[in-house]
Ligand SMILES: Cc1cc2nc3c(=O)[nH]c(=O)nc-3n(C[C@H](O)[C@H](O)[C@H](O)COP(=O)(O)OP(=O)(O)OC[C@H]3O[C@@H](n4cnc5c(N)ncnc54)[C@H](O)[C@@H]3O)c2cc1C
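Here's a solo chain for you in structure tokens, the form predicted alone.
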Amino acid sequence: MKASSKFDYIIVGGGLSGLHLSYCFNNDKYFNNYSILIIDKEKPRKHDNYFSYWEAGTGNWDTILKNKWDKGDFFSSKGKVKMDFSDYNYKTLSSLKFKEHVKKKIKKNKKFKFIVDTVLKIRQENNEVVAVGNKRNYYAKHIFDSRLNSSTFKKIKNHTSLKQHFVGWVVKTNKKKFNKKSFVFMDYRIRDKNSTAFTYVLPFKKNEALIEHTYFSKDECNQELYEIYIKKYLKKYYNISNFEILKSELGVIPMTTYPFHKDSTKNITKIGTAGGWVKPSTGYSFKNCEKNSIQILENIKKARDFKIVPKKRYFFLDNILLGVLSKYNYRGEAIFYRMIKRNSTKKILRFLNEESTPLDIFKIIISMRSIYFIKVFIQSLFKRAL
């Protein structure tokens, strides 16, 4: 075994969660003498998409933001709600800019090493764990693994699960059609009426915006369907029929109450989607990756279990909301309208950040006044999957 194959920590995957964790290790002086290897299965593709999140004050990524907003709109067939993001600005950045920024910082640290290889499996060997690569083996005291186990896909079917699936276009227009100071959080006016589906608009310039059509449902659609809804939306609400598509993105994000943290072991910690870092009820993950990476470092310092275990009350609430959307998918518009109409934006964002007081949680649940929540709550007592 070569000396260069042995590290204190190995991070398998150079995506969102792996880079967040690497960035936190790099910024914490406690780990100055630790050696860390990042194994990515392929060289970065020049494919760009966008990460969005909300945040109070100045954050780590403000210098590379595509844009940020302190105002937003929610539209439904029942009316419009103006949302105040002044306490928690809504922020968006490019995935390529994020990766370049983090890698530039990390590569200055000689304790870090990047390797392009495919990890075939991870095994325990005496007091070390081994990442078995296609090219060679890599040894560490602990491995952070962002890969989803093949067996996990089967297990997820036994839990309440949906998919957030979407297609987005960054469009450029000849005329100034967009208000770059405000964005569209959700718009339910043009959609498949049998599903929870909405349009999302992030204006970057007066003549450039990301328009995305998103579903929260069990099954994905033909790509052409999302694109039809985007074209209809642009025509009806912006009077745009001629435009240039600068970029396109499509994706599928799991929304599930499967307990991913149970896939972690003493010496192997699952991170990212594989660690349950995607918020089950919203599909947001960027801020969770940052918060959970910081928490992992704190756990290491205090000799606690490394893995991130979801808070019980929020895990329960995610299960109920997902259960309602799973059994009554067409009710999504009404549920989100009531939540956003009857509560301040700050209160909702704190709730989605899992930072609410018990009283605020109670008020938000009561504000939705839905018989479907009661039905699903009762069913959840007897069924794991809804």
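Please read these numbers as outputs of a predicted model, since none were measured by experiment. Numbers for residues come from their place in the sequence shown, where the first is 1.
A second form of this protein, the form predicted together with this ligand, is not displayed here; the remarks below concern that form.
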| query | finding |
| --- | --- |
| In the predicted bound form, residue 259 touching this ligand (heavy atom, 4.5 Å) | no |
| 4.5 Å heavy atom contact, residue 346 to this ligand in the predicted bound form | no |
| Non-hydrogen atom contact residue 10 with this ligand in the predicted bound form at 4.5 angstroms | no |
| Close approach of residue 42 to this ligand in the predicted bound form, 4.5 Å, heavy atom | yes |
| Stretch in contact in the predicted bound form with this ligand, which is absent here, among 275 to 283, 232 to 240, 219 to 227, 291 to 299 (heavy atoms within 4.5 Å) | 275 to 283 |
| Contact residue in the predicted bound form, chosen from 27, 49, 35, 326 - any heavy atom within 4.5 Å of this ligand | 49 |
| Residue among 185, 88, 169, 166 with a heavy atom within 4.5 Å of this ligand in the predicted bound form | 166 |
| Within 4.5 Å of this ligand in the predicted bound form: residues from 7 to 31 (heavy atom criterion) | 12, 13, 14, 15, 16, 17, 18 |
